[in-house]
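Just one chain follows, in the form predicted on its own, and it is written as structure tokens.
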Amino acid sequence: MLSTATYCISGEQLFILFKELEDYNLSYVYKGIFNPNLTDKILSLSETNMNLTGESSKTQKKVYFVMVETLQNITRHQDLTQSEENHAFFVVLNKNGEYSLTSGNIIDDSKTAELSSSIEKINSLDPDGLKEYSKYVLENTGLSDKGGAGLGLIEMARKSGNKLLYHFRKLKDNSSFFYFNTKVHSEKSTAELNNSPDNIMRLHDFTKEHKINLIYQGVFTHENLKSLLTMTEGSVSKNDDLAFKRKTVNVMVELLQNICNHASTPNKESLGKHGILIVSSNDKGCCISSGNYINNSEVNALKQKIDLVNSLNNSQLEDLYSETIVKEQEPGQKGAGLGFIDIKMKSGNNIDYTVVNCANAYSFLSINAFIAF
């Protein structure tokens, strides 16, 4: 049995990250290899969340278009020969109707001047100028070796109605990391997102430091559970062993349901249960981490449940499972009470958890489950 705490982000670090992202309605971060299948899952989750928040059709179309173009750019231009640390990067942030979409990928230094010039040309044009430029490029430019005609950036500027932001971060060799950001405002936008390169780079560094593949912070409902599951499933790409993938998915289901069923919501105006889910991996296996608020009155009972499960060996766990599954549910009980038992049985490791007192009626619960390769 491996030590879960050794291979996962600590509960305190998870809480700090959650607090930093808490003001956003949605935070989605992915670092890794991008492909059309993953793109479809990201788009599906975003569509589900925009429907949940009642976003207008007009805004949804704008966000969807920019997201598709951004993900296509990453898929075309990512360098699959790079080390895992330098894999491509994608971030979506939404706060009160303003969306910020950022991509990041390695670029050869010999190409940065041309790319800068192209973006500055687009940023110098007004809407009419962009329309004429788009027509000119369409009629006079052929497909590049990456399959694009150069129209993507122009159309992103036209659809979003905003200037394109970018930043090159120099790496040690003859390459840089290219961060590219587009903002989309909805009709009900009341926020001004801080999408400075420093903020994005700090988040990027955090994912590299903790070997994080995916972060999702936002609303967890039974409506978006399937989209969340398929998306997080796609982030476990290091090992194609079917048994490992099956165990990982089972643990994800339990942690996602745990947030949906048991998270508390200090903000009574919230649309659903808020929480955070992280998938990280290293050469030993995959760690799935979840975090959410719980009522202080539930803390002791929850600790007792997890401690009991952690104290049992496999045979004793099977006995507890059999005893629990036939037990009559108490009034108002959500789920069959098998969640923590399943997590330990499927992961094969003790459940690591941390409770942080938030100095009000709530505490923050973080749970780590580690599944070895």
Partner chain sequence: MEDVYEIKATEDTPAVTLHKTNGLLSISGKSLPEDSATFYQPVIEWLSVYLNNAPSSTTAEFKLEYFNTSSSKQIFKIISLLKELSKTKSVAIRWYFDKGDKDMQLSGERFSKLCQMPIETIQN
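Positions refer to the first chain, counted from 1. Remember, it's a predicted structure, so these values are computed and weren't measured experimentally.
Beyond the structure shown, there is the form predicted in complex with its partner chain, which is absent from this document and is the topic of what follows.
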* **Non-hydrogen atom within 4.5 Å of its partner chain in the model of the complex for each of I33, K62 and F65** => no
* For the chain shown here without its partner, which stretch in 22 to 30, 49 to 57, 300 to 308, 314 to 322 has non-hydrogen atoms within 4.5 angstroms of its partner chain in the model of the complex? -> 314 to 322
* Would K247 count as touching its partner chain in the model of the complex under a 4.5 Å heavy atom rule? -> yes
* Asked: Does at least one non-hydrogen atom of L165 fall within 4.5 angstroms of its partner chain in the model of the complex?
  -> no
* Taking heavy atoms and a 4.5 Å cut-off, does L43 contact its partner chain in the model of the complex? -> no
* Asked: Does its partner chain come within 4.5 Å of any heavy atom of K121 in the model of the complex?
  -> no
* **in the model of the complex, the residue from K226, K135, R169, K111 that sits within 4.5 Å of its partner chain by heavy atoms** => K226
